[in-house]
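The data below hold one chain only, encoded as structure tokens and taken in the form predicted on its own.
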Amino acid sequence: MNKDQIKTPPAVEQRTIRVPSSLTVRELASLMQVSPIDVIKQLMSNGIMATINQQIDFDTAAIVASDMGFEVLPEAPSEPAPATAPAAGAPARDRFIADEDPSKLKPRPSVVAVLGHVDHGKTTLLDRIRATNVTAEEAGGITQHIGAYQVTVGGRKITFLDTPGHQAFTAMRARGAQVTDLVILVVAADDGVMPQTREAIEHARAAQVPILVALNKIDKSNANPDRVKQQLADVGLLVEEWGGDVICVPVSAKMQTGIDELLENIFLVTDVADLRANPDRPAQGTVIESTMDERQGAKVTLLVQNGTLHVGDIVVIGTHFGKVRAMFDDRGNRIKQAGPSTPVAILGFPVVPLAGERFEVVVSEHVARETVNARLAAERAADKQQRRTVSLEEVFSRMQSGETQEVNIVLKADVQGSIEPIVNSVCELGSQECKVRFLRQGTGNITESDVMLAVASSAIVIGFNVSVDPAAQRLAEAEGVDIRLYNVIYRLVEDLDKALKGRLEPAYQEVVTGHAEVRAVFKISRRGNVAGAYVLDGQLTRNSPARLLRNGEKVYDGKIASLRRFTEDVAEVNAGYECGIALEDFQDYQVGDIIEGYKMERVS
């Protein structure tokens, strides 16, 4: 598919709408049943800068609606619609204000994360954005960033998270934090969509955060914007000029072009969300990063998401509390208070908390101590920290209780040809009560990145004719992620169907018992080839299941037929010992092959 093949939407048939003497941009968009962003753009083309909640008069609305193909008639003003509470499934960033009195909520700056593939110019773009808001006298402040910073454009602020890419973004979500209102996806015009680009898209989608594409390096002679837009379309991001709804802004961080347009479009996208918070309450928010300073102690970067933080406040983070002794903005200046969407560094906390942990201000040290003691007691009462992940066995019960309306799946298969029939078969199982959503579809073994995405999104990892990397297996066990491995499609589909209907039988989890490296191949009469191997870790057991891996790819899955130490048959061989291994119905050993033993344990 190329640009010429994409069908442009048909022209809007002229309709009649009745418009009151004044209304907001959002209300006008609703009357026309179009996106508020389209209305804002039309206003801009007429020289009017307006936000989504800005009131416009009848004449202005009539001009905009007429330009968009509508006939406008006057109407008496209508009663405003009652305020509605956030939906139960609203992202975590909105839950801070779920119980707030709507009359106390005021507009707040947007919080933006910039993600992208390595070397695509993310850091340079962030530096250019920040530099445009720093005067010559303040230039030294550029180096004093605290993991997040604010810029001011036309009297309005934007907060940027200066994180090391999507991994930090995901790690914060894995701990329950949802701090961003928008993701800017930086894609190099000369390089295109790369593996980390796709991962960033997957994580932004899993977080249900809007995406704005910054097409960087357009100044380069080998830049090919159309090729990049085609690649974006292939992964489900269709840009506006191709008939989609994703804004794509061409920029050159090196030449400092397109930066202003990018900032204007950030306002366009985030204004639709009507971001609000209550500044007149004790602060709540999220830890962005923290370090230990030899002279100052723990230096903790916080993002205030609701309320206002003051010097002297008592802050509770997890199972610790402290008093804010000093507070600094992103320029390193001492400040006394910080409102919603403001990043600050504080001193006075006794420990270095994890990024993604929540903080809250309480009225006194007594209340803080009671809060911390209650949390410690809850942790002691539980044998294991409760996981937010969901197992396949729990799907039906969570559906029944209303906890789960969709099942998130990370799918890895041996070849691309296996993915489509699996996805098609599984998607047919979804119903109105519970939908099946694939967060990632890819080929190759299950990796740490797959497990981290599952942790952050309460997903189940499914592998078809693949194995699990040892590091991924350890992470899955530590985080309680459910990994399911299959080699027959109908069994995979059958298990998911049973889970959705509450008929899934107890599951068995694969546990790797040890690895041995083939260091020689011997030919034995009447037996054939035997592998001379050295056990690297764990233990190998005769008659136990085993697979043979070559260059990371599985070439055999069966069982260990015999184990020998010197001239004796043995039942098991531990790490650090050499042995002879014969796999059942297998002869094609090569030096360097890895024999992986495993067993199946029932999941309790």
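Residues carry their position along the shown sequence, with the first being 1. Only a predicted model underlies this, so the values are computations on that prediction, with no experimental measurement involved.
Although not depicted, the form predicted in complex with guanosine-5'-diphosphate is the subject of the following passage.
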{"property": "Heavy atom of residue 254 within 4.5 Å of guanosine-5'-diphosphate in the predicted bound form", "result": "yes"}
{"property": "Heavy atom of residue 119 within 4.5 Å of guanosine-5'-diphosphate in the predicted bound form", "result": "yes"}
{"property": "Distance check, residue 219 to guanosine-5'-diphosphate in the predicted bound form, heavy atom within 4.5 Å", "result": "yes"}
{"property": "Contact of residue 124 with guanosine-5'-diphosphate in the predicted bound form (heavy atom, 4.5 Å)", "result": "yes"}
{"property": "Segment assignment from 349 to 357, 453 to 461, 246 to 254, 285 to 293: heavy atom within 4.5 Å of guanosine-5'-diphosphate in the predicted bound form", "result": "246 to 254"}
